[in-house]
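Below you'll find only one chain, the form predicted alone, shown as structure tokens.
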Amino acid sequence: MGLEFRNVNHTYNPGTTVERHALKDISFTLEDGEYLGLIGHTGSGKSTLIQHMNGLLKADSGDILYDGQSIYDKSYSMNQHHFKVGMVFQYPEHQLFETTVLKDVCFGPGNMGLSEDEAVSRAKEALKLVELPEIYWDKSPFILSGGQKRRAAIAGVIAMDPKILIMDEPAAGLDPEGRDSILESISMIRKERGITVVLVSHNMDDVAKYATRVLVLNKGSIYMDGTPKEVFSRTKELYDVGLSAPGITVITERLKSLGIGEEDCMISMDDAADMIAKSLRKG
């Protein structure tokens, strides 16, 4: 049944001169198994929204339901909700603190009340899923590279077996190879475990490549909601709210303006190659 938002509102510093309406009447359902790309300009409400998903912030009004039950019901365990909806914050390596990688990844499962053996088993499985080599498991997390630290931090959340995995700019600060590797690992984990993924990103190419659905926020409201092709075909409207389209979309739109190709919005290199090949055959 997923995670459902019903007319959710949130205001920071209400009644003061710096009052800000961060979320305005937000309603949507995050379906099981989706890969949601969440985009919007800085200050659009993305961080506030994902913190409501995880229960770190409480709505001023409206309701949020997980599998049909309000997370604000007295009978609902918010502590369990934090385990079900895992959050990997931007630059998660700053949250690493244990003496070894394995101990750090064990912390979450241990906090859930699992035995030491169960926690270690979960941690090792998670580290394999994020493809962090075993030679690093007994080393300090602080000697790892940036990409390796990111994997260790993600493993710490995966080890708690979340049903929904929220990633806030998981590839921020990484080189292109590291970024692609991290995002491919997340995509693989989603397929293997059948979990729901929420990706917050400023990189439109990443969103177009991995997401099955895109939610665009603007000034605290839902501005667009659709498939990547549906959203990125509206390039002018995206530009109007300070966003861009994937690079390949921009290029192919320019080519179509020159009479090359007639297909709908292109969001991948494969789509673009097919378009150009068809145009050459016609020409």
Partner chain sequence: MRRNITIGQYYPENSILHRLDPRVKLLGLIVFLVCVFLMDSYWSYGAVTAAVVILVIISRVPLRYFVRSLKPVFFIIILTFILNIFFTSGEEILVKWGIISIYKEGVIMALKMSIRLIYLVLSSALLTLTTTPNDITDGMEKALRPLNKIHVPIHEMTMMMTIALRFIPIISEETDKIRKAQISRGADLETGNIIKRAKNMVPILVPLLVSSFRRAGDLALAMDARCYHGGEGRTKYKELRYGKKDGIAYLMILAFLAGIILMRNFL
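Positions refer to the first chain, counted from 1. Just so you know, these numbers come straight off a predicted model, no measurement behind them.
Unshown form predicted in complex with its partner chain; subsequent notes refer to it.
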Location of its partner chain contact in the predicted bound form, chosen stretch of 186-194, 67-75, 84-92, 123-131 [non-hydrogen atom, 4.5 Å]: 84-92
Candidate spot N13, N111 and F142, all three touching its partner chain in the predicted bound form (heavy atom, 4.5 Å): yes
Examine F107 and determine whether its closest non-hydrogen atom to its partner chain in the predicted bound form is within 4.5 angstroms. yes
Test of understanding: in the predicted bound form, would S233 fall inside 4.5 Å of its partner chain by heavy atoms? no
With the partner left out here, check for me: in the predicted bound form, does some heavy atom of L96 sit within 4.5 Å of its partner chain? yes
In the predicted bound form, does S115 have a heavy atom within 4.5 Å of its partner chain? no
Under the 4.5 Å heavy atom criterion, name the residues of 226-251 that approach its partner chain in the predicted bound form, in sequence order. none
